[in-house]
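Next up: a single chain in structure tokens, the form predicted on its own.
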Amino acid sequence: MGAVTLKGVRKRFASFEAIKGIDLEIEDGAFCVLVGPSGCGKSTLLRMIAGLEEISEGELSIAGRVVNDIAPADRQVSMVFQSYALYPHMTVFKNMAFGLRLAKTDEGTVEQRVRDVAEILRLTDLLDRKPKELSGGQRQRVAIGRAIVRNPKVFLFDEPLSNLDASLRVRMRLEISRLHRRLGTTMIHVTHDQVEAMTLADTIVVMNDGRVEQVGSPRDLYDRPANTFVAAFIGSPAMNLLSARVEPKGLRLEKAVDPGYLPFASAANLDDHIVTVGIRPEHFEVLEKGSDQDGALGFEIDVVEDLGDTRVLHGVLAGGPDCTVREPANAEIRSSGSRIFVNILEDYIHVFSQDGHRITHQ
């Protein structure tokens, strides 16, 4: 069993509190991704689980055993670092075997485990090479292989893909995902890349300023963000967050020159006079006939990004707030400076209070 439980965990560096009381349950066999902006505390939290940083307060359990005072080597975890951390003078085989030999494992077992893992990671033909003779992706597979041979209860990945180019990152994401399905071992992966988090995880932990903002599946976080931080962080392009005033007719966009009303039947039930409305770029409907349709809002296009499969339109909504609209690449070609009309379906409107917390989602 490789469940990981944190209860009231804090980390202080002198007067600075990097981790501010985290409660978290990671199920056995889960692929959990810790995601958030640089400096949010995700790598510090991972290092605390590994035993590389002491816990200032709280309790950490791995597989039902409290490990606060257990040495890193005895926690039954393996960590893969961003920098690979391979020994340059050793062959691939010796790098992968190093931890087993340090634990005085018999040579027959070392040989069998290394070759079994090398076959899984397609490293068999590289076992006699040294790290300088390998590509970045091959080095990363060696680092992962070194972790696997120890047969840990929990794998820890500290931004292992950040040094790879874009296409190799995609391939390595697929390899790590396949590896998790094959091994079924608990994996905790740190990244600042929300696309990486969405594609790898079955559970995402969104962190900010040493705290957990929300825990859930990728779909949960995308469809029901708990606050404006998660709403803006999860999704690419980011969710549009627009200030609006609650009025009897609905929600009226602040600073709008056009009428700027959004359809929202529950507006009368909102206590806040000013709210934040969240709309994802793909949830705008670009209208073909213009402003004669009910609820149509004018949209002045400033910049067009052609991404191949989609186009992202950056501009101004209803003469007021900046906004982003995404449409299929097979739609009519738009140009900077042109004006279109868009509609917003009520089912896709998110509403947040003035302090940023979710009020409702129709």
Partner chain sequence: MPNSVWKPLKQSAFWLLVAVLLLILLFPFYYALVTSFKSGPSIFEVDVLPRGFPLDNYTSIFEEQSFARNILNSLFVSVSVVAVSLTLGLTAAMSLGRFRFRGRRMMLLAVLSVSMFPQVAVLSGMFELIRVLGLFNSGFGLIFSYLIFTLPFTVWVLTSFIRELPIEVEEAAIMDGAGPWTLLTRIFLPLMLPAMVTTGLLAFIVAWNEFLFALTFTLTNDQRTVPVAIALITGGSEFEVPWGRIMAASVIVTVPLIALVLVFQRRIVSGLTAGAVKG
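Numbering follows the first chain given and starts at 1. If you're wondering where the values come from, they're calculated on a predicted model, not measured in any experiment.
There is also a form predicted together with its partner chain; it is not shown, and the following applies to it.
Out of the listed residues Gly216, Gly99, Gly136, Pro237, Gly99 is the one that sits within 4.5 Å of its partner chain in the model of the complex by at least one heavy atom. For the residues Ala63, Val316, Val304, Ala50, the 4.5 Å heavy atom test against its partner chain in the model of the complex is passed only by Ala50. Although the partner is absent from this view, Ile274 stays clear of its partner chain in the model of the complex, with no non-hydrogen atom inside 4.5 angstroms. At a distance threshold of 4.5 angstroms between non-hydrogen atoms, Arg146 is in contact with its partner chain in the model of the complex. Using a 4.5 angstroms limit between non-hydrogen atoms, Arg182 is distant from its partner chain in the model of the complex. Of the heavy atoms in His89, some are within 4.5 Å of its partner chain in the model of the complex. Heavy atoms within 4.5 Å of its partner chain in the model of the complex map, among the stretches 166-174, 229-237, 146-154, 242-250, onto 146-154 alone.
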